[in-house]
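Just one chain follows, in the form predicted alone, and it is written as structure tokens.
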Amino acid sequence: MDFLIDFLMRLLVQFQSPTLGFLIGGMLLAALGSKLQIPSAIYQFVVFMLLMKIGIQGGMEIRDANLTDMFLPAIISVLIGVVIVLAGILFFSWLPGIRKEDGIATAGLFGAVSASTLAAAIVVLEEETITFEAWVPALYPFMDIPALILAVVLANIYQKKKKEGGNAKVNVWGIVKDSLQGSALSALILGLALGFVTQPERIFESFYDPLFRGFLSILLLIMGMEAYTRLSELRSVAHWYAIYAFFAPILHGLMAFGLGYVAHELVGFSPGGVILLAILASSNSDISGPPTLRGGIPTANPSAYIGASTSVGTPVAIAICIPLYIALGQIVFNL
């Protein structure tokens, strides 16, 4: 009962926070028919800045950290991404009226990671004074890349078997290369490399860090407008996508929280790290995933997988999962 009260209080506070306020504001603007448009170039720049900040900070921490501490959380992250995709494909295979390619693409997108949710979670954890290892955001690619690769590989194998029979061959390295060359992962990996190899503390403290929250508010405003726009697309496909998009982030986060707790017991993974890992798992890709899946699974319907992710999955991850796992973490770890 105490957990439920704590969660509801945190959910109420979250609705009053600027983090969620900009997301809801964007949805309201779109619902009211506002003509406000934010150019895609600004959106791409904002995403680049956020990921560079996260990457540089993670790289600086990795430089000074014991890399063996990262090993188990990194393996767990890979496992989470793979399990989410396989479980999602199994779920959609049981349902009527779901095309195989659409189910695989949706599962892949929910197995991948959202940069906007990650950035929002970092801000909320800092406001709650919950500390975590600065390299935890660097677990992003360990979850994101395997999920996207697995989804594209399985979709291509399915399509080739339909056309060619049993002798299906898929260019796995080509998929890996495309994933690594995606804009979101490229920015994050660049930031990690710069933070690890160089000494960027001064430019980080004077430029990237002070601008982080402002850029995040712009990104969430854009995400809110996009979420409402995608709702009309989601209505055109099976309602199962909306049901999955609502419940899957919560279940994925619970699985990650449990595995993170194992890492906490075995290698001393911090409570804040466990919470952030759960939020990473509950998120669904809004930047790197869609273009990767568009190119890798061209026969899949974007209205299904992007509509489910953007219009339902991301708001659930930010509005519900962030306060949920903070409340759960405070109870489990007595924070």
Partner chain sequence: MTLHRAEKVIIITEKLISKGVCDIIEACGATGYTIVPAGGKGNRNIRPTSSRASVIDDFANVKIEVIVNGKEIAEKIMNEVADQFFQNYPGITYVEDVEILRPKKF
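Everything numeric here is computed off the predicted structure, so don't read it as measured data. Numbering follows the first chain given and starts at 1.
This next part talks about the form predicted in complex with its partner chain, which is not shown.
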property: Contact test in the predicted bound form: F45 vs its partner chain, heavy atoms, 4.5 Å; result: no
property: Partner proximity in the predicted bound form: L154 to its partner chain, non-hydrogen atom cutoff 4.5 Å; result: no
property: Its partner chain contact in the predicted bound form: I306, any heavy atom under 4.5 Å; result: yes
property: 4.5 Å heavy atom contact, N66 to its partner chain in the predicted bound form; result: no
property: Which of 276-284, 35-43, 66-74, 49-57 lines the interface with its partner chain in the predicted bound form (heavy atom within 4.5 Å); result: 35-43
property: Contact residue in the predicted bound form, chosen from V124, L150, M223, I89 - any heavy atom within 4.5 Å of its partner chain; result: M223
property: Contact residue in the predicted bound form, chosen from S186, T229, T198, T131 - any heavy atom within 4.5 Å of its partner chain; result: T229
